[in-house]
Structure formats: C-alpha cells, structure tokens
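Only one chain is included here, represented as structure tokens and corresponding to the form predicted alone.
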Amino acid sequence: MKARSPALQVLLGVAPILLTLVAATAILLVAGANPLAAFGQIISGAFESPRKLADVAMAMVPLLLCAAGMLVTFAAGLWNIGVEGQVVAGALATTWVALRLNAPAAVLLPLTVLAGMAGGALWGLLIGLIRTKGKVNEIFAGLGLNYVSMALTNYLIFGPWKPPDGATMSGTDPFPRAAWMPVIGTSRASLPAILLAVAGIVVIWWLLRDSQWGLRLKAVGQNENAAYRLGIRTSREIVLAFMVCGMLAGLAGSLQTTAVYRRLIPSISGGYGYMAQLVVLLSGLRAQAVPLVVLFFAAIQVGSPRLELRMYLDSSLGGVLQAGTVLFFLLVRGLRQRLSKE
C-alpha cells in the first residue's frame, strides 16, 4: 500500500464539498440564476440574525438525536431505516400524555419526555424482534413500520384526537401551556431541547468509545456469527441497539411536538429520520463529527427557503446540496479505498 501525499489527502477530504458546489452551480446556471447570489442567500438566511440562529439550533435538535441513535445501530451493522417511525411513535406517546394528563409544567414536561423515549424504544423493540425472531431484514421491517406509524398518526388526528371544530391537516388542538417546552426570549429556541440533544450525542459518543456494551456492539457489527461464538448474545444486543436508537428518535419526536409545533401534525417526523442517515454516513460513523455535519444540514434547511423569497428559485436546491454532498462523499470514499489497495 502506497502512502498518499498530504496534498492528495487534503484534496480527497474537500473533494465532496467541491464537487457538490460544482454540481449545484451547474444546476443554477442552467436555471439562469447567479450561483454566488444563491449560495449567499442560503448562508444569510441561516445566520443573519439571532432569530435565524435559534431556528438553526432547533433544526439541529432532532437531527442530532436521530443521528446519535443511528450511530448505535450502525455500530451493530444494522440499517435502521425505521427511525422515521420511531420519531413518530415518540410523538404519539407524548401527545397522549399532553392531551390526557392535567398537571403543572414541572410534572408534565418530564412525563412528555419520558413518554416520547418510551414510545420510540417500544417501536425499536418491535423492529428488533421482527429482525431477530421473525428473521426479517431490518430494512423491510423498518420501512413497513414507518408506513404503519404514519397511518396511525392520521387516524388519531382525524379520529379520536380531532379538534372539536373538525379535523384538518394542521393537526390536533394545541397542547395545554404546561406541555410547552420553554423558549429563550421571543425566539423559537428551547434550551431544554437543545441540552437534551447535546446530552444524547455525548452519551452515545462515550458509550461507543469507552463502554463494554459499545465494544460488544462493534463485535456484532463486524461479524455477527463470530461474535455469537465468542459468547456474545447477539440477538439481545441487536434488540437493545434498536431500542436505544428508538429511545433517542422518540425523544426527537417528543421535542418536535412540545418544543416546535406544540401539537401533533401529520408530518411530525419532518423526514429527520431519513436525513439522519445521510448525516451519519457523511460523518464517517464518528460521533465527534456528527455535530458539524448536523450544523451544515440544519443551516441549509433553514436558509434554503430564502431562495424562493428572494430569487424565485425552488428551495429544493437545499436538498440537492445535502444529498449531493453525501453522494460525492461516498464516491470519494470508494476512490480512497481503491487507491489504498494500489
């Protein structure tokens, strides 16, 4: 194996971003738009004011939690496509608590958090049991349960939990004030939500790096059969990995209902479960890199709507930037692996 020069290593490191910018520039030129102005609008739309910074911080919360959970399942060699459903399950459990219990905020808010984590963990448990007991690949189990969770959400919104004046796509009635996460000043940023997300990624970083459980998970991910022969209860570790991921994803769903929308809406997951997979892949499965990637994704998500307001361009360009970065990252990683064998 030949040692690569420092210049080549730097080039391969920045290549995914450069290639994404080139591809996005080509698209903008075809659309007759100024690429520099478009990129500038995205950046200013995300960072131009404290209110926008608060929006970016809140967009980071569910992404951080879902990505932290996916680090666990990826460590065990599992493709947990069912994170979307786990987010929804947490939101449903939280909504049940918020609408059913009459208690002060000091009691109700912790209960909503615990309910969200429990709901997501139970949804993860279901996927894990289908994987280990039913011998169904987790990709198919997760995708199927995603649709079940979305259908259940719509049923509840338009059925038992519909507002007195009739159900609409806007969701349930607002939660009682006691179930609203407190915010910072007049912004949308909720300090408890942000702290919970930071705590989630830090705990997972520590568990995967320094705990025996993290070592067992990695052993299962490297070779499940070999891990079993070495005495690791692989089925238990797989189920536990799904439950831990579901717990964090359920917490994300809980905070979406109590800190962002303050109600249950049909699209409560917001695609964060799928987006978290891109985050984890782009981070190279490293917990310490996840916050930076999440910041990048959240800034694009918050800033890209400015393209429609100021330049009359479709805000889906932000999705092109996000997905393009991951695509080119995977291509460059494949190139690195090929060069390392030469």
Partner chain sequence: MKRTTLFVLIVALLVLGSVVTACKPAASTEEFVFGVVLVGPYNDHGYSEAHYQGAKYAETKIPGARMVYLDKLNSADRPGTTLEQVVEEMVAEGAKLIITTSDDFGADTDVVAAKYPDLPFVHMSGDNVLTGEAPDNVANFFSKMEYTKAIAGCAAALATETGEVGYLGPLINDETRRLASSAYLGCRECWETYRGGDPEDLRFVVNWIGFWFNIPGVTLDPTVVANDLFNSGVDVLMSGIDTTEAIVVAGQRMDKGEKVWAIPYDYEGACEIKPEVCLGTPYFNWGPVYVEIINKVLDDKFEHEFVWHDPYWKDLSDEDKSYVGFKYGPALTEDQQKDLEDYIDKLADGKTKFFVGPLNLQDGTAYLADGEKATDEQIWYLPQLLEGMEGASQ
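Numbering follows the first chain given and starts at 1. Keep in mind it's a predicted model, so treat the numbers as computed, not measured.
There is another form of the same protein, the form predicted together with the partner chain; it is not shown, and what comes next is about it.
Taken together, the three residues Glu138, Leu207 and Gly214 lack any non-hydrogen atom within 4.5 angstroms of the partner chain in the predicted bound form. Although the partner is absent from this view, Ile265 contacts the partner chain in the predicted bound form, with a non-hydrogen atom inside 4.5 angstroms.
Although the partner is absent here, Val22 sits close enough that one of its heavy atoms falls within 4.5 Å of the partner chain in the predicted bound form. Remark: Gln301 counts among the residues lining the partner chain in the predicted bound form, judged by a heavy atom distance of 4.5 Å or less. Put simply, Val260 is close to the partner chain in the predicted bound form: some heavy atom of it is within 4.5 Å. If you take 180-219 and check each residue for a heavy atom within 4.5 Å of the partner chain in the predicted bound form, you get just Arg188.
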